[in-house]
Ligand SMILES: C[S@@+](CC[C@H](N)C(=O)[O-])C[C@H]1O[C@@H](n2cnc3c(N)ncnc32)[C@H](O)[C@@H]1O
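In structure tokens, the next block holds one chain alone, the form predicted alone.
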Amino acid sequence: MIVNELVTGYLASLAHDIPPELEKLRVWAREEHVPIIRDDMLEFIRFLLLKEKPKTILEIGTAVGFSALFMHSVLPEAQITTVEKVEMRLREARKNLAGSGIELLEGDALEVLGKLDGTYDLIFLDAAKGQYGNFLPDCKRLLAPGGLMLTDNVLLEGSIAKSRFGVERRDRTIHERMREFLHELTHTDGYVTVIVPVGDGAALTYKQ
């Protein structure tokens, strides 16, 4: 946790309720140890959606569909496309997204993104952390001018601030890749990025 637990607990007490069917899915996901977005990130996304009102949203990393369904509940008029490759997750996502109007694209995101054209007003990147840098070229191409990209879990539980020798050997590759990804996000002409210590850290990128 990158923010004091007492603070996050207080902020959670201020959060909005989510629809009962989503609450049921959230409870199930936690019991099954399925990674879904944290409660404070839900509030951050809610704010962005209601402020920006994107017409088209691309999510990379569906898992079981919780975050896509949450975005749909906040902004039902938006066209949402979500990408997932893990069959175990897809089995649940297919059921959860059925009848929602959300487009589920199945397959490796690197391949799926390369086949997409057009642009999206909001891209939510929440997939394999070590692959963020590989997704970035297509994310830049697909993000509409004036659009936002929200990238989740960029602070790696706070370990991103450590040197590579300060993290476990098994974590050094993802640590190095995330640092490279964040450096590119914050040092690319035509894009403005702010890192926000919400959830496990979020990068919010604006395409000028």
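Throughout, we count residues from 1 along the sequence that is shown. Computed from a predicted model, the values in this text were never measured in an experiment.
As for the form predicted in complex with this ligand, it is not shown, yet the points below apply to it.
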### Task
Give a yes or no on whether each residue among 85, 108 and 131 has a heavy atom within 4.5 Å of this ligand in the model of the complex.
yes
### Location of this ligand contact in the model of the complex, chosen stretch of 158-166, 140-148, 56-64, 178-186 [non-hydrogen atom, 4.5 Å]
56-64
### Task
Examine residue 89 and determine whether its closest non-hydrogen atom to this ligand in the model of the complex is within 4.5 angstroms.
yes
### Task
With heavy atoms only and a cut-off of 4.5 Å, decide whether residue 135 touches this ligand in the model of the complex.
yes
### Query
With a 4.5 Å heavy atom cut-off, would you call residue 37 a contact of this ligand in the model of the complex?
yes
### Message
Within 4.5 Å, heavy atoms only: does residue 126 come near this ligand in the model of the complex?
### Response
yes
